[in-house]
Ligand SMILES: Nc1ncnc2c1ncn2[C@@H]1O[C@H](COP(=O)(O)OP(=O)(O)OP(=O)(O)O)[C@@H](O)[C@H]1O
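Encoded as structure tokens, the following chain is the form predicted on its own, with no partner shown.
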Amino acid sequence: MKQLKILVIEDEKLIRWSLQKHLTSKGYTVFTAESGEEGIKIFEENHPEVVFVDNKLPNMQGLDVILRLKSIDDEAVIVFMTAYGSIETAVSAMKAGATEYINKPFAFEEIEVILENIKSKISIIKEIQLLRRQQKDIVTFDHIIGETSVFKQIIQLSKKISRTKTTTILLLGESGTGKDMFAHAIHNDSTRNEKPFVTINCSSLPETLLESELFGHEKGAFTDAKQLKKGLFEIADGGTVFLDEIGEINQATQIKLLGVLENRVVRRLGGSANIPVDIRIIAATNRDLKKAVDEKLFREDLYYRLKVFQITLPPLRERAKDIPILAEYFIKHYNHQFQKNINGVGDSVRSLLMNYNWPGNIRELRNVIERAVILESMNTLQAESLPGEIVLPGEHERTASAESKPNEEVDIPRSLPYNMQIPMQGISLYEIEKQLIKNALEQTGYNQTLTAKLLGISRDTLRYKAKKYKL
């Protein structure tokens, strides 16, 4: 990890000077203060990761300084120094919030050991934060499935871009095309893969909360800011920030984001200090950002800073050859999850899947396969386990229209496939179809094969409709 920023609060000039000289020679950035009040002010302005606090200070005791520092930033790491060591003093310091305890006089070797321990603790804390924010599965390019030539080219381009150090990436594509998976894969294929990958959906938070999440805030920056909070840009230092639905952020946040991209610094809400960050930003949206720029809804300068590399993911309907491959992959996944043993899909189901438009793209396909695996009792997926809009897309639309207008009168053919009496006026298509199927089933003694033949439809269609009408 990068070298720490250290604040030394010590009223004895010689100790303060010698600590600063030694720690600076080791590569640390060191601030010093000779009183508690001065130290607190420097802490608020510069946000050091470690603070050495002497016990005896003018006007303010070390224990009181610790309490003030922890009230400002609960994550502050504090080393308590005293020439009057006792068990009681040590316990009091730890209760106040000190992380380490050292007696004076001390050797610089002791200080170095303490700092190494602190580095390990900070690293563990960041790792825990990372694990909480990451998905359970590590996504790589091996998890992204596609055999069409265009899609293979997109994967190869993404791999090349991933290995650059800081290049900003803009992912475009309809909802459900896999933009989040590409963002994860790019991060995990990069030199940043051991650092945090932090993701936030810009459309899921109110504007004020989004800004606080991204940039953090100082204590007292607004009514509910009870203590200092680091933003996602700080937490992701060294790693990647994935801004999903970037097209939804307001103009004020756009300006601040532009500043991050151009200067690689952030400033917390209510703060005055610029905090350097080493991050890669991957942004994604299903909106037409160029159109948003033309309509003055999105800043043109930010748009061009984001699209250093632009990757447009195609909708699933333009990758028809990949649909059976993806379906087989999801079947294997859900076989394991639901303890099933489905071998795949037959030709008829494969044809249905490939001919469907997939407005929800890969996400919709995954959900359809999950549902089908749960429902299926055969060795291969059958059509009746698929949703109606896939099995009979045109029929499903007509039925949905009829259900939405149950009182609409329609013209009914005067001849029916068998002897059956149904009112010809004042009844919806939905009710007519239900009654036709019910009467046909009764006439054939609920023999599905004969009923389907009588109605002139397939057995699979009959089973779907019978289930739909609860017959």
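From 1 onward, residues are counted along the sequence shown. No experiment lies behind these values; they were computed from the predicted model shown.
Same protein, other form: the form predicted together with the named molecule, not shown, and the subject of what follows.
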{"property": "Interface residue in the predicted complex among 297, 144, 102, 221, criterion: non-hydrogen atom within 4.5 angstroms of the named molecule", "result": "144"}
{"property": "In the predicted complex, the one of 121, 317, 363, 305 near the named molecule [non-hydrogen atom within 4.5 angstroms]", "result": "363"}
{"property": "The named molecule in the predicted complex: contacting segment from 329-337, 209-217, 112-120, 222-230, heavy atom within 4.5 Å", "result": "329-337"}
{"property": "Residue 181, heavy atom within 4.5 angstroms of the named molecule in the predicted complex", "result": "yes"}
{"property": "Distance check, residue 234 to the named molecule in the predicted complex, heavy atom within 4.5 Å", "result": "no"}
{"property": "Residue contact check: residue 389 to the named molecule in the predicted complex, 4.5 Å heavy atom", "result": "no"}
{"property": "Residue 244, heavy atom within 4.5 angstroms of the named molecule in the predicted complex", "result": "yes"}
{"property": "Residues from 148-174 in contact with the named molecule (non-hydrogen atom within 4.5 Å) in the predicted complex", "result": "151, 174"}
